[in-house]
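Next up: just one chain, as structure tokens, the form predicted on its own.
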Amino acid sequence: MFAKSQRPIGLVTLIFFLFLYPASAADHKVIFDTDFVIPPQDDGLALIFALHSPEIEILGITTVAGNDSRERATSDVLRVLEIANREEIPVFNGANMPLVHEKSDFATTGHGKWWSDAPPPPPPGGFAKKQAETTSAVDFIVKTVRENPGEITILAIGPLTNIAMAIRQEPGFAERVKQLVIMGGAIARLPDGGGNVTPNAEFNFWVDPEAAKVVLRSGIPIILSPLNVSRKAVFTKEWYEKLVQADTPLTRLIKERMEPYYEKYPDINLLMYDQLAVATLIDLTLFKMKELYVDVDINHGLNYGVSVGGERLWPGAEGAQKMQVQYDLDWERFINLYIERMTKPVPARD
């Protein structure tokens, strides 16, 4: 009710404000591009975080080989959507191999099975009833951006193969994308810029350096979330215990999957990579960023897959583009937001 001294809002004015500020509208229409593996992998936790965030409307999930095979990425993400009761979100199979990078002895000894063609293992609870769409990930990405010019954000938290293929397939694609938020790279120019798969290369960019170079040089507005900022986000057992105090289908999944790690390694600390990329779309003020030119080495040698950033262009990087690069964050605000979101039921979409 209105106070006596207030004038009631006219119907036309009310309709205008409801149209201008719709209550259920998300801030970002997002294509979620991922080398997904079910939690405790960071892609799985990042999707759960995004599903809890009303600022993000996921139009579709596109899978890519990276942490494991493309087939496992698709199988696992379908199961998580089923557990979350969000089966209305479509899932599309993407690239099952990088553009150029081939399987090597080194690749098989470290993290990731992007080179694998093995059948996916059953996820917890068995394979989902929901199936992937018959349209390819690249065709979905191209069509969605074409039909919504200037409105689509691509959240890319795996190797950039699908995005590079879309850029190559569709003339004018890059100009129509609103923005790209990428988890990838490690910038030696900034603190904590070492690699995690080779001394200087970050995993996502190393799996498909050629794709990363195409995407970073595309001219799409980019916010890059590299290892530099991930190393400021350390998820301890204390935070894990706060998360799993809640009893929801997704926190039960997280507990089932993560509890064995803490039993075996009680002092283990986990870095948060892809969750920070999601947080970028929720509250950009959480981060400190620096504008840099960033490029990727695609020469097959010691620095294959290494990302390099600088304030000015340098020889060999004449085609590099400027982007916003994250290097620090407000940890306390972020982790409290993360726990608060993750411990509530997933909101239903209209």
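From a predicted model like this one, the values you see are computed outputs, not experimental measurements. Numbering starts at 1 and follows the sequence shown.
One more form of this protein, predicted in complex with a small molecule, exists but is not displayed; see below.
Only one segment in the set 122 to 130, 234 to 242, 198 to 206, 247 to 255 has residues whose heavy atoms sit within 4.5 Å of the small molecule in the model of the complex; it is 198 to 206. Between the options Asn303, Gln321, Gln324, Gln41, the residue in contact with the small molecule in the model of the complex by a heavy atom within 4.5 angstroms is Gln41. A heavy atom within 4.5 Å of the small molecule in the model of the complex is found for exactly one of Leu216, Leu227, Leu155, Leu276: Leu227. At a distance threshold of 4.5 angstroms between non-hydrogen atoms, Asn67 is in contact with the small molecule in the model of the complex. Residue contact check for Met183: one or more of its heavy atoms lie within 4.5 Å of the small molecule in the model of the complex.
None of the heavy atoms of Lys264 is located within 4.5 Å of the small molecule in the model of the complex.
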